[in-house]
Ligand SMILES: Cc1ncc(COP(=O)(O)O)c(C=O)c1O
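Take a look at this one chain, the form predicted alone, written out in structure tokens.
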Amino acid sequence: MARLRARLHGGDIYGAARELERDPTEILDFSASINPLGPSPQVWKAITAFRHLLSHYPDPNCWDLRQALATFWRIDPEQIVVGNGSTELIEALPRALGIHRLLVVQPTFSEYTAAMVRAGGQATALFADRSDQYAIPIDRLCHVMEAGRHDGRSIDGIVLCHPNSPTGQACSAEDIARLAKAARRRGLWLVIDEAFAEYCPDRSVLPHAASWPHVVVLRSMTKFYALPGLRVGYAVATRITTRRLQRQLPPWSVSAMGQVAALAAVTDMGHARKSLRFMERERERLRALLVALPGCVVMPTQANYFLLELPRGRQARDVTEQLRSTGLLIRDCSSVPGMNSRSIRLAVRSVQDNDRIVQAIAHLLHQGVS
């Protein structure tokens, strides 16, 4: 079970290191899509400057971080809830919003359905089409929302990962606004997970969505700000909704160092601009290398990763295990609902790292040629 969850979510360098009898620093992880430039230099300074807070409980209200986020988005800090990563917020949303039947746009992050089931509810899926490169099916989704039913079942909530993981697809902010209007008319909840939206800011619905009834937008400090080890995420919604969500969270769930680091990260605009410039350049370079791999299909992406289909006759599971044995971790997406057995996901890392993974995949594919 531990290995299965590692393949679904990625980022388990510890399990791989134990299995391969290596130090975790020797594992090259393409399964977790983290900013290759790492955290802002201001993060390290802030952690050092505020290390005295380790002897105190963290601020249960995350006051300073919420103030900074409110200034950043130009919204009321009461419209922001901070959690122990966006996964804690995903876990709390069904109970907070009273969602019992959730529509999930697949293929996507598995925790939406898992959280719904753990809350005692049900989840149903609307699948994006492989023939359309997994583009988010906005028209079909609007139709379902207007009907308030899918596959003969009523729904009271919809969750959309935007840009989507693992496909990398994103729609326009105008299309999301269409969904929000449909949600309001039908009295449905619309949850928009923008964990990777920093990489396509023109497609984000923040800060406008802060005033939309029945809408919750999730953000993560894990991906763009490169703080996965500190577990910080936040939700933006109306004040009434954030109060409902806050009541479902345990006290002190966000560590003092997590709050300090997130505050330093979100206020360092220089590092953010540098990170975006690097990603725009390196993503295109890596795409060209992946497209050149014989028989592979590379899906379009708005995020910091690529969904790649291996040549026919090759299995994602086998390639993933072969690369893992050499200390290279990629995401096996063959078990994600809606994906085929040849689907893998690769994070965009440094130039040197990206060259290495492409060479390793090319070597494996060449070995398979008789």
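No experiment lies behind these values; they were computed from the predicted model shown. The numbering used is simple: start at 1 and walk along the sequence shown.
Beyond the structure shown, there is the form predicted in complex with this ligand, which is absent from this document and is the topic of what follows.
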**Asked** Is there a heavy atom of Q169 no more than 4.5 Å from a heavy atom of this ligand in the predicted bound form?
**Response** no
**Request:** Decide whether H271 counts as a contact residue for this ligand in the predicted bound form under a heavy atom distance cut-off of 4.5 Å.
**Result:** no
**Prompt:** So in the predicted bound form, does A195 come within 4.5 Å of this ligand, heavy atom to heavy atom?
**Reply:** yes
**Message:** in the predicted bound form, is there a heavy atom of this ligand that lies within 4.5 Å of any heavy atom of A235, even though the partner is absent here?
**Reply:** no
**Asked** So which stretch, 161-169, 141-149, 202-210, 180-188, is the one near this ligand in the predicted bound form (non-hydrogen atoms, 4.5 Å)?
**Response** 161-169
**Request:** Identify whether this ligand in the predicted bound form is within 4.5 Å of every residue in the set Q106, Y134 and R342, based on non-hydrogen atoms.
**Result:** no
**Request:** Scan T113, Q79, Q259, T87 and let me know which has any heavy atom within 4.5 Å of this ligand in the predicted bound form.
**Result:** T87
**Asked** Taking this ligand in the predicted bound form, which residues along 223-246 bring a heavy atom to within 4.5 Å of it?
**Response** K223, R231, V232
